[in-house]
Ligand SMILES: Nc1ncnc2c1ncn2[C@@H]1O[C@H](COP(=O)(O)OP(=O)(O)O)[C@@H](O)[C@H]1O
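Shown below, as structure tokens, is a lone chain in the form predicted on its own; questions about how it binds or moves come after it.
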């Protein structure tokens, strides 16, 4: 029997614009099983990013309940949410969000440093992860010395190096050409499969959604 990685129950979220509430999500119910490779799709403004941010504990729902890895996050304070993000979540963004003054190795190592992992263990884990994404020869380079596809590989390595239970990816192929986009999707899928990691990917890109186990479509904040 499969276990749920993320459970969203009756979740609604609105933002205030011009003094008026604008609904982003309306009574969303969704269960994502551990190990799933899921695409969130829908037109711009459909609520994809809002739902992704809620799953990544970057925002709070107005109502409803969210459970991450068997932890009900609804009542957690900011410090508790930070610890949960640090220990159980990884993030991949369309603009990579790498630290420009850090080397490839240091960017991937940073989440482990925040966790307080001993230096020797950090180095071993980073080296193994860079080898898995094919960037062991680029460990000392800075992000501006890499191609877009290579930068996204660094971002994937950073998300997975800490053995995150859930990886949140926001348009990870938006800035990549077709060849690099296909390589990134294949890499994410292979690493997620090998590690048993759940991947939730917001995307407009059929190159991504066509390779996912499941496609969840949002329109006007409602699951279709």
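Positions refer to the first chain, counted from 1. Remember, it's a predicted structure, so these values are computed and weren't measured experimentally.
Just so it is clear, the following notes concern the form predicted together with the named molecule, a form of the same protein that is not shown.
Undergrad: So which of 175, 46, 67, 183 reaches within 4.5 angstroms of the named molecule in the predicted bound form, heavy atom to heavy atom?
TA: Filtering the options by heavy-atom distance leaves 46.
Undergrad: Would you check, heavy atoms only and a 4.5 Å threshold, whether residue 22 touches the named molecule in the predicted bound form?
TA: Flag for residue 22 set to yes.
Undergrad: Does any heavy atom of residue 50 come within 4.5 Å of a heavy atom of the named molecule in the predicted bound form?
TA: Yes.
Undergrad: Counting only heavy atoms and a 4.5 Å cutoff, which of 38-46, 175-183, 189-197, 153-161 contacts the named molecule in the predicted bound form?
TA: It is the stretch 38-46.
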